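Next comes just one chain, in structure tokens: the form predicted on its own.
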Amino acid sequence: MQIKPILSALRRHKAGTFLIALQIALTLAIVCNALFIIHQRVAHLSEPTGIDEPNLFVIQNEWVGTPGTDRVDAMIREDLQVLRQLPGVQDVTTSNSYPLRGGGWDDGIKLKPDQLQDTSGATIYFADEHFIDTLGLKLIAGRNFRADEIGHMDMRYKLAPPTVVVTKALADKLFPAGDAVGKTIYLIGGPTTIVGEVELLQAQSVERWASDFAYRSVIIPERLSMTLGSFYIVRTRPGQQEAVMRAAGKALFAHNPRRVINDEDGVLSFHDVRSRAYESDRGIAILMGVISVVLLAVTAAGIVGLTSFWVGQRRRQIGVRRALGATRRDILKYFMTENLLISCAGVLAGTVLAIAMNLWMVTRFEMHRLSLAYLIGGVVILLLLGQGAVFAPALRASRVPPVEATRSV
């Protein structure tokens, strides 16, 4: 197939050729970046928490009135005993927060008392000796807290426990040699000693600002005893979560009715917690997917429409070529090649546009650089889409009989 006659024909249809090439370029630029964003969002919402999600649920308990800190701590310990006695419960703990909750206590960690800049940010989880077992965390170094180490405090106290357990990600950041257990670190209230290390525990926030310390957490041996309440985290035996969730609230109110547990979100399974945490990521991924499909469909429709229009305009020309000996295959190849040339021009411009668009988003929204694989994939998709869209009108053109030349005279 000679390219020169095709280019000459395209020069006579500059406006249509330019518009289709521009549409392909814009589609490539937007679809490449949209697919890249979808991949990032899907990868984000699939990140592990390190906890036994299928068998965990959370109760948000608030107290009525203004009981003192000691009284609140006593009521929390009574509630934990009530929950542990329920059939189907494996273990229970209390904390100020939990992974994927969306907010809580974050703090800076230092290695020296006079250090001005934090060595790392970290999520602070208040816990008792049941915290690690209840959440299903894997202790990979050191030890768990002992019962006699657990204290209680409210928000006014300094955060300076004598011991802490940290995640492996934080331990590796603070002590790259792998000898974190036994070392001293500094919280906002003073020094503390690392006595244990757990393999994985995700932070409570999944927002981009917290991504630098997403798995850097510090577990504090304190019960946070506030009038505002706290969270009870319940681990059930496999297959018994729903029954325990129904029984837990009733048992707590039966023991002490001076409390508030919201009917809508006071008791949440981790399936619900994860769904809420990544609601925006899921929505953006779906939106980007819909935009990509619509753009591809519009581009395909544009190619079909323009090629059909051109075939209608060239019926006499096609008839003449058929009368001069051109086969149906030659006509089909002509239109397929013509579209391929337009698509190649479009994807070349689209590649430059996609990179420029990504660089703009990197500077404005702190996104990652667009992977070359998405560009290559986008180019392949657009070229195949163009060939697929032009096939039907090209096939119709190939069926134009030689007699069409004489009918048009």
Partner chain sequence: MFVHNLRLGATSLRRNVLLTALMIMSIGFGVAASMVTFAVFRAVSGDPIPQKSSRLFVPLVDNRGPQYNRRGEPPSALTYTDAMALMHAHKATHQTMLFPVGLSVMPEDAHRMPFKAAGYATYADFFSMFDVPFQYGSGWSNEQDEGREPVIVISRELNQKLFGGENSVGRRMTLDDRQYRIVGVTDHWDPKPRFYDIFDGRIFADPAQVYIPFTYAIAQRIDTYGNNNCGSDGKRGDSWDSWLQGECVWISPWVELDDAAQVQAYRQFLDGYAREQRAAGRFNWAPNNRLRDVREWLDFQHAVPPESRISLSLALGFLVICLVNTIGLLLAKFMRRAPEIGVRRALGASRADIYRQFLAEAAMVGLAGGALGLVLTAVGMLGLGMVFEPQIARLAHLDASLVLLTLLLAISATVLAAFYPTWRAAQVQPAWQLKSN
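Bear in mind that the values here come from a model prediction, so they are computed numbers and not experimental data. Numbering follows the first chain given and starts at 1.
Same protein, other form: the form predicted in complex with its partner chain, not shown, and the subject of what follows.
Heavy atoms of every residue among Gly65, Ile286 and Phe365 are located within 4.5 Å of its partner chain in the model of the complex. Only one of 72 to 80, 197 to 205, 325 to 333, 104 to 112 places residue heavy atoms within 4.5 angstroms of its partner chain in the model of the complex, namely 104 to 112. By the criterion of a heavy atom within 4.5 Å, Ser343 is excluded from the residues contacting its partner chain in the model of the complex. Although the partner is absent here, Gln23 lies within 4.5 Å of its partner chain in the model of the complex, judged by heavy atoms. In the model of the complex, at least one heavy atom of Leu19 sits within 4.5 Å of its partner chain. Contact check for Asp118: a heavy atom falls within 4.5 Å of its partner chain in the model of the complex. A single residue from the set Val298, Ile140, Ala160, Ala251 has any heavy atom within 4.5 angstroms of its partner chain in the model of the complex; that residue is Val298.
Residue-level contacts in the model of the complex: of Arg237, Arg246, Arg258, Arg146, one residue has a heavy atom within 4.5 Å of its partner chain, and it is Arg258. Along 300 to 314, a non-hydrogen atom within 4.5 Å of its partner chain in the model of the complex is carried by Ala301, Gly302, Gly305, Leu306, Ser308, Phe309, in order along the sequence.
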